[in-house]
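Starting off, we have a lone chain in the form predicted on its own, written out as structure tokens.
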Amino acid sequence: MNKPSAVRSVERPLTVEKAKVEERIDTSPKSVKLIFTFIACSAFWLVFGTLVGEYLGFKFVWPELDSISWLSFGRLRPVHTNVVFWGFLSQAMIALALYVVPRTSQRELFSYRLGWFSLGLMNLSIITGVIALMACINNGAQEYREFIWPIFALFAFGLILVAYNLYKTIADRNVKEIYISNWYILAACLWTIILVLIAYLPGYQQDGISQTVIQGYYMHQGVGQWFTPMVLGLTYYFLPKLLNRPIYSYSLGVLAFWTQMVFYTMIGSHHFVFSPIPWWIQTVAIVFSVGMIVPVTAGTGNFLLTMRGKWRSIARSYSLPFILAGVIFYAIVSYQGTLEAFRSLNKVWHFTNFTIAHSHMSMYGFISFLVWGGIYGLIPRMTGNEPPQFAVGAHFWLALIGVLVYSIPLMIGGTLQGLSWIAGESFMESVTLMTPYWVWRAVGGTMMFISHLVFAYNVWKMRPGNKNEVVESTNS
């Protein structure tokens, strides 16, 4: 006779059983098709972009891996960053916004045709951009704006159409108030259009210093005025919706919105502390970086207080653990960014691998986890098809452990790297010092990449029009 396990029993299962998604959203087939296609494209670009990143991670461990010019680090690195930014995250966020804005405005999307046209333009931009970068046709060493202007103009035009589509939907809303999510989403679209114009307009950034100032402004605002407000706006919808309770404080949301707009616009130059740009510009960036404590504390506090007392619901949900992890990363990386702006710490950490860890915790731990939470919260309710519970759990834990295994060693190694430079040791000694930390980077990156394959599988399982839907339709 088998004895019951003391570790795993009916009373104490190995994993918390997830609650089935019983709610089915009444959404038009046009909306489901457009939103799911955006999500499917974003999943493809996630796998492709991080496959490139995985290969680059191996190159740190085995520098002689290849001698093919198209696969050189200098060409592949911008492919990785641009594909993940514009292919994965941007299209995933737009997909969720195409649901949230009409839903909170209580009307259909203004134009599905414009939505499809935007999707085509954005993907055409990324495909041609990848080919151009690998062929060494680029915009120079301008981080995150390596696509040449005719190629990125396609993406920008697609974004303009998205902004117009969302604006018209909000303008023709059937409710009096504009929900806080739509403030963030529309502001993100408008700010990014302006940002792209500033980044690509010719004639005023010909010399090295002005180009550096614009570069600092552009690359930080890309995070702070596009990804951050967009994903926070989405969270202001999905978190209370999935918890079935209102957001803790609407006023805190408004405070976070306006202080984000004020403080984030001037902090880009903290990437160039001790550079030849004017000292006062660096100081302004540091002061405004400290000011970012206000919106981050207001936003994080608002989300955590909304979750208060609902921990069991979070444990039994597919999507809420992703949102909880994303909110915690939001607080950690934002406060970390403020610390990095101080001259005393910037002296140690800047230009080291610490910055690589910080950027991955931001774009992955914060932005990506909140996006995944929204996708798992929305798509099963739109299509009626849930992903396998084990696969969602595998995605979550591989991604979470992977980003920690990736980032923590790089933060330790980056700190030692900076201290070695301050001590006057040679650059090659710092390279040797980093070798074991780059091994952990490759291990963590591999776990993250495997989680993306699982996510792509889950997206396939959630697709509309499978046999369950057919059966339901036949019975009705």
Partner chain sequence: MKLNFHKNHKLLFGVVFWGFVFLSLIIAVFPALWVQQENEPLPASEPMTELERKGMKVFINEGCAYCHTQQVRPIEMDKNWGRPSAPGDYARVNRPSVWRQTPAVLGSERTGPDLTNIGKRQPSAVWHYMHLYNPRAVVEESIMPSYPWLFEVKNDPGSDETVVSMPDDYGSDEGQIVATEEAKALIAYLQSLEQVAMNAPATSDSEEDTSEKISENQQKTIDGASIYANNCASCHQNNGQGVQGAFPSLVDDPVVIDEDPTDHIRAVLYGMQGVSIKGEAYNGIMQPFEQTLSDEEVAAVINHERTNWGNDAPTITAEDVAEVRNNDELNEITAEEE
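Numbering follows the first chain given and starts at 1. Everything numeric in this text was worked out from a predicted model, so none of it was measured.
Missing here is the form predicted together with the partner chain; even so, the following discussion is about that form.
Mind telling me which stretch in 269-277, 331-339, 380-388, 308-316 gets its heavy atoms within 4.5 Å of the partner chain in the predicted bound form? That would be 269-277.
Is the partner chain close enough to S105, W397 and T415 in the predicted bound form that each of the three has a heavy atom within 4.5 Å of it? So, no: the whole triplet misses the partner chain.
Using heavy atoms and a 4.5 Å limit, would one call N174 a contact residue for the partner chain in the predicted bound form? Close contact is absent here: in the predicted bound form, N174 is far from the partner chain, nothing within 4.5 Å, heavy atoms only.
At 4.5 Å between heavy atoms, is T300 in contact with the partner chain in the predicted bound form? Answer no; every heavy atom of T300 is more than 4.5 Å from the partner chain in the predicted bound form.
Report whether the minimum heavy atom distance between G424 and the partner chain in the predicted bound form is within 4.5 Å. Yes.
Is it the case that F60, even though its partner is missing from this view, gets within 4.5 Å of the partner chain in the predicted bound form, heavy atoms only? Output for F60 is yes: heavy atoms within 4.5 Å of the partner chain.
Heavy atom within 4.5 Å of the partner chain in the predicted bound form - the one residue of Q221, T228, T235, S90 that qualifies: Checking each option against the partner chain in the predicted bound form, the one that comes within 4.5 Å is Q221.
Answer option from V254, I401, I293, L124, heavy atom within 4.5 Å of the partner chain in the predicted bound form: Selected option: V254.
Counting only heavy atoms, which residues in 212-234 are within 4.5 Å of the partner chain in the predicted bound form? Counting only heavy atoms within 4.5 Å of the partner chain in the predicted bound form, the contacting residues of 212-234 are T212, V213, I214, Y217, Q221, Q225.
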